[in-house]
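What follows is one chain in structure tokens, specifically the form predicted on its own.
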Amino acid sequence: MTRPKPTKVIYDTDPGVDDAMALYFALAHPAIELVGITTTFGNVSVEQAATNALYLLELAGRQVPVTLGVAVPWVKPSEAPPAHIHGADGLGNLGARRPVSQQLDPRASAQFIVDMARAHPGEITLVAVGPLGNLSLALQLEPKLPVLLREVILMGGTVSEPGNVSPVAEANIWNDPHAADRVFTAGWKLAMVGLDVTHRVVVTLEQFRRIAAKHQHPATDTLLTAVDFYARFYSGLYQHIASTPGCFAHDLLAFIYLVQPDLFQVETKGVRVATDGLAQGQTIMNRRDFIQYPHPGWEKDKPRTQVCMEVDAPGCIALFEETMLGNWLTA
């Protein structure tokens, strides 16, 4: 029996420790063909995001186009990167790094997305795990993008779970709420993997030690160093993580949804983003879409999003470890 062709994926990211976890999972999983990495501001500056993407690829011995994307939000003022969470360099303050041979692709991230979607219509899934400025700008460049892309899967937002930058907002959406609202209303096939599920899946430091011990490779050694820093932040906030050190899977779950969506329970509803005020960055799901609300913006013809609300956490953790322990790295 022939194995299905892997899904072509553009990874829109702001690495970031959990972004690095997700990147290596994507490189390791046989159902994913990573055809490009587009970078954005968020966990770090966009320049540092691109530097980190190139470095992680170098360590893993892979050649994938990397582009530089948007550096600031569309409308709201920029926020300082959360160095206390990811480290000043985004990867847990690695210190000295080995040289990198690959150069950036000269195209801007939004142009790269458009070019690839036009070259491979209906084939590319875009997995976005940072602020959504690159996608919003790509929509400006190519209004037909929603039919050119196979699917968009984003890690961001929350419906019922409290936010991580305000009581109601998740960081990626809050960082650029105007761009996010445009993405939610663009009309493509869209899945939201937010805090409602990512706060249910904790990967442990011990798992990353096992992965590093199995491979004995600079890539997994570096990932372990980064996760150790990241886990210390979460251990200071959550007692259940402090007792078994680790971290939320966050960005990793966007790729797990891609390869095994049956691990998630979804609700297909309209989602909008609050762009101003105390609720800035809140992802609001229309739970009663049978009602014709008088408030504008909730019309019944608005696009819908597949919102992940429940998750099989043990299944996700097992898939992650099995994939990462596989033979995806060469000496």
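Start at 1 with the first residue shown and count on from there. Please read all numbers here as calculations on a predicted model, not as lab measurements.
Another form exists, predicted in complex with a small molecule; not displayed. Remarks below refer to it.
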Requested in this report: Check whether Val168 has any heavy atom within 4.5 Å of a heavy atom of the small molecule in the model of the complex, and answer yes or no.
Outcome: no
Query raised in the report: Contact between Asn172 and the small molecule in the model of the complex at 4.5 Å, heavy atoms?
Result: yes
Query raised in the report: Could you tell me if Asp251 has a non-hydrogen atom within 4.5 Å of the small molecule in the model of the complex?
Result: yes
Requested in this report: Tell me, yes or no, whether Leu223 is in contact with the small molecule in the model of the complex, where a contact means a heavy atom of each within 4.5 Å.
Outcome: no
Query raised in the report: Pick from Leu149, Val183, Val197, Met155: which residue has any heavy atom within 4.5 angstroms of the small molecule in the model of the complex?
Result: Met155
Requested in this report: Note which of Thr283, Asn43, Thr305, Asn52 lies within 4.5 Å of the small molecule in the model of the complex, where distance is taken over heavy atoms; exactly one does.
Outcome: Asn43
Query raised in the report: With the partner removed from view, which of 134-142, 67-75, 243-251, 203-211 is the stretch that lies within 4.5 Å of the small molecule in the model of the complex, judged by heavy atom distances?
Result: 243-251
